[in-house]
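In the block that follows, a single chain appears as structure tokens, in the form predicted on its own.
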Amino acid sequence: MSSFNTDDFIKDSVRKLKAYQVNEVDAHKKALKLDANESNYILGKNIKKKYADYIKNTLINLYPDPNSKNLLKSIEKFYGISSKNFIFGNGSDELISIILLSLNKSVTVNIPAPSFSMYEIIAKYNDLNAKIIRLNDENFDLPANIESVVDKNTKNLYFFSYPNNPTGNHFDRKIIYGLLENKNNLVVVDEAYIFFSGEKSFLNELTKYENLIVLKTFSKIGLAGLRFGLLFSGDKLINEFKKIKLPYNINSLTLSSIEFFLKNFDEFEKNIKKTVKQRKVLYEKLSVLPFIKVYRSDANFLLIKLNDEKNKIKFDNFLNGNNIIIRNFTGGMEIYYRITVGTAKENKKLVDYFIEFSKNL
């Protein structure tokens, strides 16, 4: 009897992928976890109690109500966009998947590199042609002549993380506007980190550009565990995306929670300001260390680069030995690391560790 063969069932595009790796934290060790761009600020006792009181009557025996009038009104008020022009997603990942699942196979998906890895992963398992656009080495900006490096014989979709992950910078808006002017393009602006930047959102451009899609999330400001994202677009596109969005894709507790936290958003604004302040402090403290280059950031993280690649093994061993978890990369970025901006206490601890490593080089 022949053995079961997955090749007979699973398509090539999936079999060729590598699974997305999430750092595992040893529960028995006290880790300095600064790798996932989460907020490390914990809600205070008073707001926690109010939150518990708010969600305690949520009916988890019934399917969630995706048309919750209170939540829709809250989001409309928060963003100034009609509810007919947005859909909810189980995090931005699901929304990225909805966009790419809807595309014709002839559309080329253009992705800056380095950028958020899920753009390419999801494009590939949807059997789409994913083209990488290399960013400028020094400032990680887009090539000014971006349309000269893409395939003009196809329709093109572009993903732009704004600010970009993992580099922390904003791409030139003029370049993005130029792409939007070309109706052969679809442009997705992912504003996951815009809360920390003070930069103007692209939401105001939706009425002008029918080929614009804007993604939003609350994960980076303290609600990562709720897995809630938003996709905004004009009437034509949003009506197509609604056809393939799964029903009941957001659980009842998340819907109730988002409604509560939008009413109490001042709690997050305080922590956003703390993060921006700590980002400046962390940048200044790390910038004086001779073994790394630190890049300026408009997000809730900093990108660093080892000045001497010979130090990589020693540095990695140092991180592991002290249970310091920061994000490292592959694909030509092995000497780059992304550090989430933590609390003042966490950042000081990290700086002290880095000073210790520097002294022992």
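This structure is a prediction, so every number in the text was calculated from the model and none was measured. One rule holds for the numbers: they count along the sequence shown, beginning at 1.
The discussion below concerns the form predicted together with a small molecule, not included here.
J.: Does the small molecule get within 4.5 angstroms of any non-hydrogen atom of Tyr209 in the predicted complex?
T.: Contact with the small molecule, no.
J.: With the partner left out of view, is Lys220 within 4.5 angstroms of the small molecule in the predicted complex by any non-hydrogen atom?
T.: Yes, contact at 4.5 Å.
J.: In the predicted complex, does Arg227 have a heavy atom within 4.5 Å of the small molecule?
T.: Residue-level check for Arg227: yes, a contact with the small molecule.
J.: Look up in the predicted complex whether Val214 has a non-hydrogen atom within 4.5 angstroms of the small molecule, and give yes or no.
T.: Val214: no contact with the small molecule in the predicted complex.
J.: What is the one choice in Phe202, Tyr119, Phe232, Tyr158 with a heavy atom within 4.5 Å of the small molecule in the predicted complex?
T.: Among Phe202, Tyr119, Phe232, Tyr158, a heavy atom within 4.5 Å of the small molecule in the predicted complex occurs only for Tyr119.
J.: Pick from Asn85, Asn271, Asn126, Ser92: which residue has any heavy atom within 4.5 angstroms of the small molecule in the predicted complex?
T.: When the small molecule is considered in the predicted complex, the option within 4.5 Å is Ser92.
J.: Check, residue by residue, if Asn165, Asp190 and Tyr193 all come within 4.5 Å of the small molecule in the predicted complex, counting heavy atoms only.
T.: Looking in the predicted complex, the three residues Asn165, Asp190 and Tyr193 all sit within 4.5 Å of the small molecule (heavy atoms).
J.: From the candidate stretches 273 to 281, 234 to 242, 139 to 147, 111 to 119, select the single one in contact with the small molecule in the predicted complex, where contact means a heavy atom within 4.5 Å.
T.: After filtering at 4.5 Å, what remains is 111 to 119.
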